[in-house]
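Read the single chain below, which is given as structure tokens and is the form predicted alone.
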């Protein structure tokens, strides 16, 4: 009996401490229009993603997140959905999407779809019917008012837009052609949950959720200050003070996260990765109060404005560990389809970029990695007046959304250019005479084929780093312990990752000066370093050259 009790207790403990797969995985984001074109029309497609799956797998990534390729007029390139259960013809067919899911699963990988639940396209049949009159069956599927209130959109622009047929205004949190759904109508919630079930039934492993914290709006349409006050009086939560708006971070959205999680649980262990904005306490509420029973993961976009300093990253990791302790998990993301590429932020210094990626894949958290970063792709400068990106045309109003850290106008076309595969025409992305966006002029030197043969390339470094992470559980699911800053030289970051079997040290020199590091521990054996000439074994002293880092196992 004592043996049975011991076995049951052991199983219980294992289940209690087990991490979901998405807390241990690595995510590779693909922007489908720009990844690989198989039919020569200048636009990437689903078959192109399928053809490049072996490449992604060879790098060591385990999960692929695809930006939207659902039916859409493409005014915002897929983030304006007109058909949730169909595919835009420029990307392929529903059969192609099913084939993509099957091919990814055949390789033991996961596939995450980008689901836009907050709004639809104004060409969606739901909206067309809703806008036709005040008495149709879908009249209340969107958010309508006789007169606008004082809300501004997320782009700090006009958010209410006049519809002549209804003689009313509809609300759009982002762009005018993206009307927001009304989730206070149970029919809307049911319809969207059915969309989620449709794709889960086809084998999707979960969703990245666009603008998720705008799902619910203040039911009384109070201005931002009044809405914030009402929420604070009800919940007595200081974190609402700066982050609640009448159309953002309403309490009902937290409950919706739990409901959506329950829908996904019908199909097993699925990822829900939320795009939410607010401070850490706000983000945590979308994840669940104590049990992580809301969204599985959520972005914290503050790190997209990272500073290349050890102090910044020490404080970042320290706050992540405090705000997202187990069973929660941070997400480390330093670039995406809406923000500058890392090479631009670091002025083309790939030695610095390697250090940021070294941290990204060894800190406790889920790394989310944007296509092309593995070869050090750069932004392609384009005048905003000629941009395809509808957001760029909001200039000269130039809300904060359009401005990067350097204060330069942001045109999102610049970081969405075609993947640079080789040195052939259009860098091997397409055989078309003209691609949907121009290929970077530096493709002769920055491309996947060329970098394969360079042992010091970014491509080979990322591959080695992912192999290390995948082979050492301490790095993908172990505990993290920061080394106090006063025990390290200036501008050096250090931390340990450990589990029951091993302890690994990560040391990163963010300085252009060589640093000598002494730790009061036993010897080390090198696992990986950005410096190919560093010693294989150390005792208590490690010397790091300018802008270099090392991962070492404690002996």
Ligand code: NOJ
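All figures in this text were calculated on a predicted structure; none of them were measured in a lab. Numbering follows the first chain given and starts at 1.
The discussion below concerns the form predicted together with 1-deoxynojirimycin (NOJ), not included here.
In the model of the complex, 1-deoxynojirimycin (NOJ) sits within 4.5 Å of a heavy atom belonging to residue 178. Proximity of residue 302 to 1-deoxynojirimycin (NOJ) in the model of the complex: non-hydrogen atoms within 4.5 Å are absent; the residue sits far from the partner. Contact annotation: residue 211 falls within 4.5 Å of 1-deoxynojirimycin (NOJ) in the model of the complex, judged by heavy atom distances. Among heavy atoms of residue 266, none comes within 4.5 Å of 1-deoxynojirimycin (NOJ) in the model of the complex. Proximity to 1-deoxynojirimycin (NOJ) in the model of the complex, taken as heavy atoms within 4.5 Å, picks out 330-338 from the listed stretches 420-428, 447-455, 330-338, 285-293. This chain is displayed alone, yet in the model of the complex one of 364, 345, 357, 416 has a heavy atom within 4.5 Å of 1-deoxynojirimycin (NOJ); that residue is 416. With the partner removed from view, the residue among 369, 207, 171, 174 that has a non-hydrogen atom within 4.5 Å of 1-deoxynojirimycin (NOJ) in the model of the complex turns out to be 174. For the stretch 419-437, the set of residues having any non-hydrogen atom within 4.5 angstroms of 1-deoxynojirimycin (NOJ) in the model of the complex is empty.
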